[in-house]
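Take a look at this one chain, the form predicted on its own, written out in structure tokens.
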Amino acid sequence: MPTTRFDKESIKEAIIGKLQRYNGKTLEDATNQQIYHAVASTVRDQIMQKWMAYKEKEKKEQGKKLYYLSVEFLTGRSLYCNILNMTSQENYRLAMKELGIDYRKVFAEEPEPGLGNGGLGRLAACFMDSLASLSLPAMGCTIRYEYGLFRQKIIDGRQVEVPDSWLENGNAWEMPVPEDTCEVHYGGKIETYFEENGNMRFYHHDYQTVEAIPYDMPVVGYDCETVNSLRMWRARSPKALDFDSFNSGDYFKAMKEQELAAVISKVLYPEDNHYEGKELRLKQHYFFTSATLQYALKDFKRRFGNDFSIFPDKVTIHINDTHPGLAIPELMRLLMDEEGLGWDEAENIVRRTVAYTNHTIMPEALEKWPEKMMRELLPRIYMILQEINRRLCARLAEEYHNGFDPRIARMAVTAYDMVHMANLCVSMSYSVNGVSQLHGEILKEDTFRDFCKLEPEKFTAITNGITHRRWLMSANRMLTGLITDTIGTGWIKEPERLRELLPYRDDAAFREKFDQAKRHNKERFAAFLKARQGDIVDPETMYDVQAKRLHEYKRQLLNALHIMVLYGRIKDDPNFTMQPRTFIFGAKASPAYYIAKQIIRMIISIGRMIERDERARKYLKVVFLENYDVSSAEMLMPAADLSEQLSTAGYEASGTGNMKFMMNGAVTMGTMDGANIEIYDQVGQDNIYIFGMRSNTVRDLKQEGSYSPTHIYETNSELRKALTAIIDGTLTPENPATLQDIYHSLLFSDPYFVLKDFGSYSMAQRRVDKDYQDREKWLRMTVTNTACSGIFSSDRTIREYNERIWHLK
């Protein structure tokens, strides 16, 4: 097969030629959007050559393959990272420069794929990057959401959700694969019958059919031949337009069936505070797991025939949290109903094929479905779940010598009219892992302690990671250049070698260059922010950043209350001074999460209160970064000085934002929670700010039920004044009662111990203020953080997954 060259001159010719053929434009006449598509399709051509060659290699090697199922993949923009991973940056840079193309404007034309929301999706995207870069065969599988989650607009100080039409101008990277289209069935009836040999079989009829249409995006490994696939499934009705209804004027009926199917792949996380929303989520989860498993079996048979005894040796199905947990009964269904295997044989295969990662210990976040909904929507799956549960409970009754042991109800898959997905995943998987060392211990000792006592060997903990290629090499090119000039290029493929930077923290010249890179990134972010939303920030101030999904346990409220206390000190004491700080928040709140949306409103109100005061705004600035996404994170994280990781100890499974900030030289302010503990272990107590209760203290305090936030309110005058300002008109003069629900929550319940940890947090912040003014000390801390961050590369994480769980070649 002839190959196309991608040197500088060939790239220039390709870009000009594509503009002529596809748009009828010269370079001078083309819009930035048209130039983007010309550049992207040139890069895509280069990827396609590698992709085809890799697929051929994969067929010949007949190795084991991983299917990584996740309801979201927060990929971010692909153009620059694809160029980077193909090590073609210099050729494309020179080609675009000689053509007079402003690459910043062109790269900004790429839409951010609406395939994910927060840490779960970004972790999945980092994992795919590392799998390809380590040459491990894998396919990521999800839904091709037409509108993603939502675009966040801040209007009159409130979050407003608008559709995210990310596919409006197409997706330059996806490729439809119509030959892999399959059917997914909902509803209907199940009839049981017996074959002549006595085997029981099941006939499913009167169901609704939805077609699953696959689209593949390439995932390019860094400086290697591997190109894996991210498969996205789009839902479509198999029925054409109902012309009789259309011609009779009943347009709604004519389109009804098509719309009912298409809605499955419309949005990520449809609101589930009503029955219809829950049902749609269940449809989504079954849709992409069923389609993926059908393809996995089809691909297995194409490669190995019908010898399913070797299926676990050739396929691993990894469930990223419980959303794809229906893969377990669906694989059972396919093996039994479609391939003719018996229950015991199918169960043995499933138990050796499926692995599960848990991402939360919060009981309300452990996914459950009403049995009635499962029975009506997925009748055959429900039958299989019932039998899984019957066999599980029988084994447990035998184990405990008591059919009424309370542990059985806690471990059951179906109990109290609900299907408990976490219990399904734990009981039927061969591996269960947490995503930090603390999280792994909590899973074993608390969340799944009954399962762990029976099968301790299946539980492990593998600390999350981030791809340094995107979060350092792509996002922070000035610092990347400094690192490479200082210690060479070895760290790029062995990121743990960033530790070779440690001696340079004592080198004044290196510290100065490190500081210059940070200053450059702060100025770059300031320009980005002004262009994006008109906010003006001063790069001379400290950038104090908390950017993550908005949830009460992540405690953005703790940060906000501290800002109000600082405001009070400035107002009350004319002699008070401090290091000027810009507090930057980035977060989306779930549309139905009332308190989370109120917290956003509170943060914005604090910023407005400060702006009204001439003296306060000399020291304080509060910015809420609208529609926080991967692209804005790539601008923000290299600019951050302080990284706020404030979750209540024992609630954050791991976190990955903490790692991204650390890698870019920000110092962490955090609790001993999730991966903060391991960051502390890496950098030492002098290079991180730790505050607050430990997880065992939080657990004991919850169990005792003796915590009284009103006592703290009465004894801490600064905090009392800040809380009172929430409701007395200081914060929201236009309507003092606007934020009263936050006030009442903190004062009368405080479920995440915001007030309890406030004193410790405030003292740690005093140390930050003092240390930041000692520039040489602060720079040593920042260099230490970057130097110690290599262990948090997702390459290390994926190696551990492969050694302990997947065993891919």
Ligand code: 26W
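Because the structure is predicted, anything quoted here is derived from the model rather than measured. Just count from 1 along the sequence shown to find any residue number.
The following text describes the form predicted in complex with this ligand, which does not appear among the structures shown.
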* Quick one: of R477, R281, K721, R407, which gets a non-hydrogen atom within 4.5 angstroms of this ligand in the model of the complex? -> R281
* To do: Would you kindly say which of A365, L134, C452, L377 lies with a heavy atom within 4.5 Å of this ligand in the model of the complex?
  => A365
* **Listed range touching this ligand, judged in the model of the complex by heavy atoms within 4.5 Å, from 137-145, 340-348, 316-324, 527-535** => 316-324
* 4.5 angstroms heavy atom contact with this ligand in the model of the complex for M86 -> no
* Heavy atom of Y275 within 4.5 Å of this ligand in the model of the complex -> yes
* To do: Flag I679 as yes or no: does it have a non-hydrogen atom within 4.5 angstroms of any non-hydrogen atom of this ligand in the model of the complex?
  => no
* **Heavy atom of Y553 within 4.5 Å of this ligand in the model of the complex** => yes
* **Contacts with this ligand in the model of the complex - residues in 514-538 whose heavy atoms fall within 4.5 Å** => none
* To do: Report the direction of the Cα distance change between G277 and V160 in the model of the complex, compared with the displayed form, as closer or farther; the change is 3 Å or more.
  => farther
* in the model of the complex, shift in Cα separation for G170 relative to G277, 3 Å or more -> farther
